[in-house]
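Read the single chain below, which is given as structure tokens and is the form predicted alone.
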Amino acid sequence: MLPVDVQYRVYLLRQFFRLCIVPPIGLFAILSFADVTGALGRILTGALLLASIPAAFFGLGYCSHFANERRARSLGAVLAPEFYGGTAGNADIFLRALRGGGGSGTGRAYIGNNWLDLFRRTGSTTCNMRVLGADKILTMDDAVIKAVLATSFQHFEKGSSLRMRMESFLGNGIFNRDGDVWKMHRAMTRPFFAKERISDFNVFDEHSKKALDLLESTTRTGPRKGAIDAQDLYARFTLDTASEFLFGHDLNTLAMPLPIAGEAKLGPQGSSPPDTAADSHSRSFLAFVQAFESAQLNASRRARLGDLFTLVEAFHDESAEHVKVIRSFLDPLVERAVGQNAERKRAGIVPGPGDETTLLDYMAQNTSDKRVIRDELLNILLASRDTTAALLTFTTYLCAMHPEAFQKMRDEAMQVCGPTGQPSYEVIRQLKYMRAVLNETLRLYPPVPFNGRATLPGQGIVIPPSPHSVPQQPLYIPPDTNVTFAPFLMHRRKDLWGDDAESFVPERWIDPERLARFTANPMIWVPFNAGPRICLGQQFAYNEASVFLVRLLQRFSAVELAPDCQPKGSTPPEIWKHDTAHGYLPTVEQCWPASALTLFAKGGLWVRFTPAE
């Protein structure tokens, strides 16, 4: 396989050749048969050659569209309604994506609101945002999402376009592959998320204690009345837990400098810790976090731009420097695992099946390709750090906004565990209200708010509508078409969840009448994906978050937001309060939800906890 940077350049050259070289050459060949002479003729020829590039770009796209329309009619289906913007080819959408104003919440608009505008203007739950002649399907439709993830899984893949956008970042890892390579990654990873492994709560408990000791110390003696960036704390907790659980090596990031209340600056996603770390390991970690989050933001930007990102990054891969820093942080882990495996082989020690203690050990025993190991390591860290950190962050946020829910959850934990009881698998199963709070958080703030697939080349698909689909006709998605779906928006649809869809109501997961909406159609809630690619770490995340919350509830009796400590530029824009056209929740939001590959609170989530007496 070619190196990633070479693959990237080859991809760029192919796109450039297809869009900018083939049309003029073709037209020149045609004009060579015409009698075009004189200065005027040469000027006309030059103008036509230049015009051939956008003409081919749009022309081929629209010819393909008309062919797809005929195919849809022949199958008794329709194409997704198209959105027509304010400029030819929806160029204004491309420019807005270039500035960061897509649906991700990294511009000034509330996350997902630009998408809602498209759905409303097309009167649909699935639409085609054709940008410069290229199809881009957007959906918040339960039937389409069900087909993509489960019932028609075999007709979809990550697709070459999405893979190339992620190649320099995620490489050959599980989240950037299809087919046999993806199956190999999944088979390799699955045993390490088996029930008997993830039911051993010692690692969760150990790192929970470290995180909460740090939280208590900051609460009692820290600046600004003990305010702390909970998002940063949770990201360190989940990273340390995952690194020890899966790789046998505690990165010990909880021992490194935290962002300081009142001094922290806005980072790529959250708040930035001080850059005064004395030891090299701390400096390396802080650089890793900056690069890790920046690479995700660039991947998100590429997703908004589609294949047109190749024009924006034609002369410079904007992920390259970030990836270089990420590799320098992860490579010692890989070198250590490969080295230990080599030493075992030299000593004649041959582990049998199942003898591997960690996922990293298993990978090192099955391949000596350090790039493959590093790519998988990065993919697993992305899933285990960011998704569970997002769940804990927005659970804390909702508990600060709804103190009665925090108190009810604490009462339950005290009743089941007492003030010092050890959380175990059996204990966690009894915490019904806590599970309801976690489920409701995952509904309103899913860690992966937007995701994508593509139909297979040469294979279009017809998707029947659900009772809630608009329009109520079978939908035809053409071959090799990118489909981006939005759990974030589907989870808030009133026709699926009821009039209180935007409200935080944990009881909807306990009350049988409310729960009936979900049990009748489980695909309206997909925070962990669904179907063959459902998240292997789903129960791991529940267990980790539950153990942490039990320990937190045993030591703290209340939590409140600390907006005075949010870095400049991270408080919700004033315009959200008056934007009633996009629903109730954005008007009362007290943090800034945004998305790269995963959901995060812009500038972090600054809060103050009250220690239990």
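Predicted, not measured: the structure shown is a model, and the values here were computed from it. Note that residue numbering begins at 1 and tracks the sequence as displayed.
One more form of this protein exists, namely the form predicted together with a small molecule; it is left out here, but the text below deals with it.
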Review point. Would you say all of T387, L391 and F540 touch the small molecule in the model of the complex, counting a heavy atom within 4.5 Å as a touch?
Key: yes
Check your understanding: Is I137 close enough to the small molecule in the model of the complex to count, meaning some heavy atom within 4.5 Å?
Key -> no
Review point. Any of the heavy atoms of V448 lying within 4.5 Å of the small molecule in the model of the complex?
Key: yes
Point to revise | Exercise: L212 in contact with the small molecule in the model of the complex, heavy atom 4.5 Å | key: no
Practice item. Give a yes or no for G112: in the model of the complex, does one of its heavy atoms lie within 4.5 Å of a heavy atom belonging to the small molecule? Key: no
Study note, to complete from the structure: Partner-free chain; cross-checking the small molecule in the model of the complex, the single residue of C535, L116, A72, V338 with a heavy atom within 4.5 Å is C535
Study note, to complete from the structure: Among N529, S300, T310, N172, just one has a heavy atom within 4.5 Å of the small molecule in the model of the complex, namely N529
Study note, to complete from the structure: Partner contact check in the model of the complex: of 290-298, 128-136, 214-222, 180-188, the stretch with a heavy atom within 4.5 Å of the small molecule is 180-188
